[in-house]
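A single chain comes next, written as C-alpha cells; it is the form predicted on its own.
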C-alpha cells in the first residue's frame, strides 16, 4: 500500500509521499478551485462573457462545457469546488475525483455564513451582526458546531466564515456578515465561531473555517465593496489586525484576502499581508485562498500586473495558495513554473498546506456523505431550537414608550404591514429559498401568538421596496385607523435569487442609509392614525431612521433573524420573551454622520456638527428591556505593573429593579487618560450576560490584566505605559450609562 493511502501513517508522512508522486499539473490542480457543475450549467443560458467582470455570485467559463469540469476532475486538475449546493452533486464530483490517477479527494467550500443557509433544507440562524448583539460567544460556538455538522452531512468541508472585519461604514453592504464595529467583540465572536466550526479538525463533523477578508474591506473609501482602503499601519495593527490574529491563534485553517487595495497594493498580491505578517509574525500554518476572481483583478482592475499570468505570478509569490476560481489557472501556472518565473518548491508549499487539511479531515478514508441519513442531521430539532434561541437573543429593542409588551390574551385588532412582514427575506443574505413550512415570518408569528379572539389584518406591500405601490400604502393607512395596534415591518431586501433587486448584502452598497422607496411614507401614514405603531426593522446594516423614530411607539431592530425570526419577534412584541440584546454597531442618524463608531479618538467631535446632533441615533452597546437595571458599588482592587504583572479585579453590583425577570449585558470599558500615541475615548475590554430575577441583585466580577491595557509603541510592540486608567462599567457605551473609577499603573 502506498504510504499516502495508509491511515496508520502520520499526516506528514502521507503528505510527503503523495507530493512526491504528483506531476506538476496534479500539484497545481490541487490549488485550483472551480464553481460547481450544476451552478455552471444553470448559468450557461443566463450569462455572457461581459457579465463576468463585476458579477461575484454567478459564473460561467467561456468556451467550456459542464463536461469539461467533470473531465478535469477525473484528470486531477481540480482540488476544490464552491457553489456545489446538493449532497448528490458533491458525491458525484467526489466520485469523479476518485477516478483520477492518485484519487485525491476534493474540498467543497460553501458560504455557510449563518448556518449552511446557502443550501436548501438547512437550518438558518441569525446573521452575524445580529448574533453579535447577543454578546454570547458560547451561542456563536454552538451555532458553528451545528453548522459544521449540517455541512458534513452534505459532504461540504469548508466555509468562508467567519468574517472578522471590523465594520466601520454603514453604507457598506456586507456589515451584516461581520460581528460589528468593536475589535474585542469581533475577536470573541470570531474565535468562538472558528472553534465551533473546526473542533479538532479531525472528525466527521469538523469543517475548515476561513478568516476573511484580510484586510481593510470594511472601511472602503466610498462605502462600496472592494474600493480602496488607505489606512495607517498603526490603525491597522490596533483595530483591524487583532481579530485576524486571534483567529490565527485559535488555529483557523484558511484565510482569504480582501477584494480591495490597501495603501496602494492589492491585497491579493500583498506579500506584507500574506507572508510577512500572516506567516512571519503570526505563524499561520494553514492556506490562503483568493476571493472570487480577485487575482485576475490585480490585472484587469487594479492595473498592477500587465497580464493575467503576471497577476498569477505576483499573487503566488506573495503567498497565495489556492485560486478561486477559473479554468485558465492550471495551464498558466504550470507554464510560469516551466519558464522559471515561479519555483516549483513554492507550488509544493501550497499543495502541502492543502493536502494536510484533506488528510486531517479524513477525506481520503471517507470521501462521501450518506445520502440516506443526511436529513437526520440537517434541520433536526436541536438545531431548530438553537435557531429560535439565537433569534431571541439577537433582537434589540431600541425604543419603547411603554406600549410593549402587548397582552397576548387581549382581543386586539392588529394591523401587520410592510415589505418584510410576510417574506423569506427575514432569513437575510446568504440564504437560499427554503420550504415555506421552515420559515416563520412576522405575520406568521403574530398570528400564532395573538389571542384566538384577536383580529390580525394584513396589508401586503410586496417584497420590493423600490417598487412599492402608493395605493397599498394608503390602504394600510386606512386599516391603521381601524386597528388597536399597528406593526410595520420595514428594512431592506437581501435575497440572492433576485440579485439585481436587492438593497442590502454583498455588493449592494448604498450612498445613504435611509429606508428605500415609500417605506417612510408608509410608517408615517400608519402612525398618523394615532394608534400605537411598532416599527420592526429587518436589515443587514444600520439604517438611519431618525425621520420616523419620534413618530412610533416602539422600534425593534431584528437584523437578519433567520428562519424563526418571525416567531422571536412576535414573542418579544407579546412579552413571551424579554429582549436582552445590545447593539454590536452604532446606528447613525444619517449618512452625514459616517463614519460613526463609539471608540473614536478624543478630537473626533471636538468641533460638533452645526444644525444637527453629533450623537448617534443609538450607540454601540445600547438596548432596552421590559425590566430596569441599576448599577452601583463599582470597586477596583489590585494593581498592574508596566512589566505586565498583576491584575485589577473589578466588581459592580447590578440589580433588577423592575417587575420582570431579565438578562442584562454588563459592559466594561477602559480609557488610558494619557498615552504616547492617541487612544480611543473608551475601549470595550469585557462583557457578561447576567440573568436576574425581578428584584434580584448580583455582584458581577471582571479581571483586567496587562494585555487589556496594552498599546502599541513606536515599533508596534505591545507595552503597558505607566499612568492613570479609567474603568467604566454599565449598560452601554454612553457616558450616562456608565459608572467610573480610576487606577494607576505605577512606574517600576
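Residue numbers count along the first chain shown, from 1. None of these values were measured; they are calculated from a predicted model.
One more form of this protein exists, namely the form predicted in complex with ligand BGC; it is left out here, but the text below deals with it.
Only one segment in the set 299 to 307, 432 to 440, 286 to 294, 365 to 373 has residues whose heavy atoms sit within 4.5 Å of ligand BGC in the predicted complex; it is 286 to 294. The putative spot formed by 474, 525 and 547 is not touched by ligand BGC in the predicted complex; no residue has a non-hydrogen atom within 4.5 angstroms of it. With the partner omitted here, the residue from 214, 669, 597, 160 that has a non-hydrogen atom within 4.5 angstroms of ligand BGC in the predicted complex is 160. Shown without its partner, this chain lists 256, 556, 192, 377 as candidates; in the predicted complex, only 256 has a non-hydrogen atom within 4.5 angstroms of ligand BGC.
The closest heavy atom approach of residue 509 to ligand BGC in the predicted complex falls outside 4.5 Å. In the predicted complex, ligand BGC sits beyond 4.5 Å of every heavy atom of residue 454. Interface membership of residue 56, defined by any non-hydrogen atom within 4.5 Å of ligand BGC in the predicted complex, is confirmed.
In the predicted complex, at least one heavy atom of residue 83 sits within 4.5 Å of a heavy atom of ligand BGC. Applying a 4.5 Å heavy atom cutoff to ligand BGC in the predicted complex picks out 174 as the lone residue from 164 to 200.
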